[in-house]
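First, one chain by itself: the form predicted on its own, in structure tokens.
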């Protein structure tokens, strides 16, 4: 270990991060090995670059934005049955798997533990994981198949997630047969001076690298290979916090297959021009999602001849991809975006620092930043009240209360 330690000390000195070993002698042998392993895995050039970017003024990208074509699921008429039949055939032939992104904790909801273990307050007291598994199993039963389920966890919540599933008999799934867990990658958090933070456990304080890490995580963990072994061709990817997510949708699959595209996404109409959501569009001729902070007010308010918003198709993190597309998008890293977060840490003198407000940088990639790798993408508009009930905030909009109400209405619960 000494030779290894000397090499690590040299690297830390080179990047002015020597403080990472300040508490090394006080750690257990197990944690000493873990800390050294963490440090060896850090791409210090990347971290330096990410920190330097926090000090730069964000450049306004030079791009052309145009509306993206979409179909309204409620207005497909004769084509509805055609697309549905194509999709059903593919599902029955076991061409579909589902992926749930569940790497986060329920901290914002006041919940200790993985977000997927959160009970939104229904009379059944079912967790988000169970609500999602109910929908997946119901659709699988309908088409006479079991839809393999892949769960993306994080280093922080993987063990607890796997234990929660085991405690609930995996909700009827069989681990490593039709239920698979894999971890997304993490990046160190940094303070405002560019120093990598140490957590209360004496280890490097890391944070999941955002939902954009899904592609690389699927490829690096051998999940796309596993999917191919199962005979799958299509992958639905959604978040754990949408309790109305419809992971098995033959119409969406049918559209993607019929139009010969390698990706399809679901949208809901923006509640109003000012709603803080990203919207589907064509950026420099390729499918994309433009953030609400990037779209000019006049563009956000623009309406067509029918009085509908021209840029009104909200991205709701419900996307279908061909495995080929996932492997292509996972072959290179996406750009990282900076989030300013509140983080408890141990300072250079060994003191625990509990901040009153945001004090640290977290770096994350966005799933839709990879859409530019696609030649085209099919967009299907769905009804918000039927497919989008996110649980993000403790109160108010997109809270357990609003999600409960939507879930009860959709499922005709009293």
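Positions refer to the first chain, counted from 1. Everything quoted here is computed from the prediction, not taken from an experiment.
Another form, the form predicted in complex with a small molecule, is not on view; read the next lines as being about it.
Residues of just one listed stretch (327-335, 100-108, 118-126, 298-306) have heavy atoms within 4.5 Å of the small molecule in the predicted bound form: 100-108. In the predicted bound form, at least one heavy atom of residue 392 sits within 4.5 Å of a heavy atom of the small molecule.
The small molecule in the predicted bound form comes within 4.5 Å of no heavy atom belonging to residue 225. Using a 4.5 angstroms limit between non-hydrogen atoms, residue 341 touches the small molecule in the predicted bound form.
Contact check for residue 250: every heavy atom lies farther than 4.5 Å from the small molecule in the predicted bound form. Contact with the small molecule in the predicted bound form, judged by any heavy atom within 4.5 Å, is made by just one of 208, 203, 71, 244: 208. For the residues 217, 257, 197, 317, the 4.5 Å heavy atom test against the small molecule in the predicted bound form is passed only by 317.
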